[in-house]
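Just one chain follows, in the form predicted alone, and it is written as structure tokens.
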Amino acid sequence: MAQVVVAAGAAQMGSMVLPSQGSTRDIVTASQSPNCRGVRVQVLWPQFSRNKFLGEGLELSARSRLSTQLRLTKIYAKVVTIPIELEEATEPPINLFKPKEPYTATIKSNQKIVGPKAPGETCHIVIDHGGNVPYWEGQSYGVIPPGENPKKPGMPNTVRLYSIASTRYGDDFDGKTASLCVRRAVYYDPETGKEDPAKKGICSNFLCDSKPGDKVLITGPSGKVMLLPEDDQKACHIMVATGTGIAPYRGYLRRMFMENVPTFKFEGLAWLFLGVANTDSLLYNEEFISYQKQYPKNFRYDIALSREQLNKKGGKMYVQDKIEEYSEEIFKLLDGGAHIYFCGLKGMMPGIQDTLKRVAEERGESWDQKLLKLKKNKQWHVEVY
């Protein structure tokens, strides 16, 4: 049985009980205001998420046993995370496992998460670390693919770093898993146009080919640059990603909007810019859209589809074009102390920097001085690869 706490706005209304996991049968409700048009529930049951509840509205119905009948539609739940001890650390865990002594974890699941028209293949891979390799949102794991290092015969392959795409509680909300967002790296001969298997990415292909039960050697966690500052829970966070650079932001947003973490009650603004090739290439899109519906005052979501959209000059729409479109707002937010994050391929940064410099000059500002100030104030976070 799962206990759920019901509230309308800020007013506590009582409690209900779900008859069984994932049930959508009638459930008992508490009293509510005659003018109440909706409720919010807090699910005290981590496993509830396994019924493909990814922050989407779940249709339930309820029959009031009091004076007013209420039909619950679009109920949104925040998942209670365990163990809460993961909130007690004052410093992020760093390099608990090193390349010479990696941790042997297990692949729990592997799912392709792009549509048929997406160029390339991207997978969401859940790794079971048994709670032995804890991490914070924004950190990375190292993965050592099996086999021999082609550049150093007799030696193991070198470590590849991947940003973690889940919160510290993992996709099962129990602190025992971590998720990676991995695009399969392949090489096409420019002359023949055919794929050359000899030049494919060793680690990305190992991960994308992995099956539940497979073992994987991991190191880390590593990284402090992309840690989510939580000292001000009303802060503004502007997140810019291309492709699998979305990984750390999925962790941020789940912590902000999906999980019920007693020590972190986000009340600020999260603004996500995601650049991909086309609609089929969008990653975790349903999760992000659900946050828009639930928290319209706290979450904004803008996408740049380079093969489907045009910028104001008639060219392909890239993420820097979206930034320019909202540059006036973005600069005002930065002036007010907002944090801005960039994650993705290295090639994203020159275009973004050029755009920001041009906008600054149009505003009569020096971008170099502004950038120095942002870095000094620890508002500028970049992790590209």
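Please read these numbers as outputs of a predicted model, since none were measured by experiment. In this text, residue numbers run from 1 along the sequence as written.
Keep in mind that the form predicted in complex with ligand FAD is not shown, yet the notes after this line are about it.
S.K.: So which of Lys176, Arg255, Arg183, Lys108 reaches within 4.5 angstroms of ligand FAD in the predicted complex, heavy atom to heavy atom?
M.R.: Answer to the contact question: Arg183.
S.K.: Of the residues Ser140, Ser281, Thr219, Thr167, which one places a heavy atom within 4.5 Å of ligand FAD in the predicted complex?
M.R.: The residue in contact is Ser140.
S.K.: Only one of these stretches, 294 to 302, 200 to 208, 112 to 120, 262 to 270, has heavy atoms within 4.5 Å of ligand FAD in the predicted complex; which one is it?
M.R.: Of the options given, it is 200 to 208.
S.K.: Quick one: does Tyr135 come within 4.5 Å of ligand FAD in the predicted complex, counting heavy atoms only?
M.R.: Although ligand FAD is absent here, Tyr135 would stay clear of it in the predicted complex, with no heavy atoms inside 4.5 Å.
S.K.: So, Ala241 and ligand FAD: in the predicted complex, are they within 4.5 Å at any heavy atom pair?
M.R.: Heavy-atom contact with ligand FAD at 4.5 Å: absent for Ala241.
S.K.: Even though ligand FAD is not shown here, does Leu161 get within 4.5 Å of it in the predicted complex, heavy atoms only?
M.R.: Leu161: yes, in contact with ligand FAD in the predicted complex.
S.K.: Looking in the predicted complex, any heavy atom of Ala247 within 4.5 Å of ligand FAD?
M.R.: Judged by the heavy-atom cut-off of 4.5 Å, Ala247 is in contact with ligand FAD in the predicted complex.
S.K.: Listed by sequence position, which residues of 364 to 385 have a non-hydrogen atom within 4.5 angstroms of ligand FAD in the predicted complex?
M.R.: Stretch hits, in order: Glu383, Tyr385.
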